[in-house]
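Here's a solo chain for you in structure tokens, the form predicted on its own.
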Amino acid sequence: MAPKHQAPRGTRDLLPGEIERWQWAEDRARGVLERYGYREIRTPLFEDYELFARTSGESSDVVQKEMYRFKDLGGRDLALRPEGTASVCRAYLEHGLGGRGRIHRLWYLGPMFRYGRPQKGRFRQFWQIGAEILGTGAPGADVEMIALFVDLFAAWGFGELAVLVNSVGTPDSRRAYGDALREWFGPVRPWLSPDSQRRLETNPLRVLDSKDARDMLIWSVGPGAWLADEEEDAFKLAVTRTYSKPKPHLLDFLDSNSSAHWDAVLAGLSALGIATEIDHGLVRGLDYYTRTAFEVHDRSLGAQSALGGGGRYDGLVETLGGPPTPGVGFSIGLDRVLLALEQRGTPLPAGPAAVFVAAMEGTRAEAAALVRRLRRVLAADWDMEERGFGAQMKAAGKSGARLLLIVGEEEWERGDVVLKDVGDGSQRPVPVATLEDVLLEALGTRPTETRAR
């Protein structure tokens, strides 16, 4: 019989045994971000709806279809955050960070919310880790951001990833490109999805971001590879007419400054040895992007291969009422990262107790005090129910502990305990006075904090 209450569809519980994998990924990421000089920022889970509507674009799928929007008891129009950049820029303005220095490197980690069809690796509450550079429009910031992006994946053990890049130019260049897209898609417009037909009028670049199968085929594959005999003649003719004209690319519509910026970014990435692929269909899903856009893909995952992406957003802070403030950033879906690592067979920590302490009838109080003492420097477990020695041994086995301490009555009188290696079964007496040092050396680790003297 199913329980009365279950997690809402598209959400999940992260249970012990799995959460340790997430903590491992978060710790690895935190180390890389700190070495790059980024400082953590935490923003609310919900914001004014207008913040996301203004920054993401009223015509975006995020605003039109995916926003968790609600009114609170005071009648305020709010939304659960669907992404992190808008909140970071709002906080940057609200707290006057621009007055505390010219360039700010920030990073965040937390849950985001979008209403979409749940599928493997995609949830309605999902976790992102992201980073932003605010205050400089230099191409070097774009290069650093992509390098950081790649180094995060390297810290997680990824080695063969595709780094896709494009430039989405400026609003003026995108408008010109949009006109070219309308003309190019014209012959096949009746066969596009209803959403793409609407987008062709309101925001043509979003047609390239469509997830409809036919839309993607028309744009990315071409007629020779997929037109079947059973396709209607009118559609075949329309596709043939569409592909009789060169496919327009946004790079051909860049102004001189955007072209120079693009060339400098590519040169900078090449100097760092970061291989890239130009993806002319990469336009990102939000309106605030300008110039550089990028994504990382693990193609072993199949069609849903994107692990994260980002780009430059030089007009976003100004859109929120602030001064012109260039910015560039990225976000990474941790759900997808952990799924990819699992599929790759990457060994990840399970997080058991490092040491299990077993007591005899006459040493229960001493064992309890010893466990508290050990927990100041390492993970330790024991049997709090005061069961017999055999039951304690079974509990030790289930705990996953690497080392077993047996607090025997005679040994304790001598100032010793018995240390047993669960892996090879060897055991030896160890002085209680130096126990922490012996355990840390055996575990090959460092203390979690300084021991009280």
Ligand code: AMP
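A residue's number is simply how far along the shown sequence it sits, counting from 1. Predicted, not measured: the structure shown is a model, and the values here were computed from it.
The protein also exists as the form predicted in complex with the ligand; that form is not presented, and the subsequent description refers to it.
Engineer: With the partner left out here, check for me: in the model of the complex, does some heavy atom of residue 162 sit within 4.5 Å of the ligand?
Structural biologist: Answer no; every heavy atom of residue 162 is more than 4.5 Å from the ligand in the model of the complex.
Engineer: At the 4.5 Å heavy atom threshold, is residue 121 in contact with the ligand in the model of the complex?
Structural biologist: Yes.
Engineer: Taking heavy atoms and a 4.5 Å cut-off, does residue 104 contact the ligand in the model of the complex?
Structural biologist: So residue 104 does not count as contacting the ligand.
Engineer: How about residue 307: is it within 4.5 Å of the ligand in the model of the complex, going by heavy atoms?
Structural biologist: Within the cut-off, so yes.
Engineer: Could you spot which one of 291, 90, 114, 199 gets a heavy atom to within 4.5 Å of the ligand in the model of the complex?
Structural biologist: Exactly one listed residue reaches within 4.5 Å, namely 114.
Engineer: Can you work out which of 219, 156, 126, 177 has a heavy atom no more than 4.5 Å from the ligand in the model of the complex?
Structural biologist: Of the candidates 219, 156, 126, 177, 126 is the one lying within 4.5 Å of the ligand in the model of the complex.
Engineer: Please identify, from 68-76, 361-369, 331-339, 244-252, the stretch that has a heavy atom within 4.5 Å of the ligand in the model of the complex.
Structural biologist: Of the options, only 331-339 has residues within 4.5 Å of the partner.
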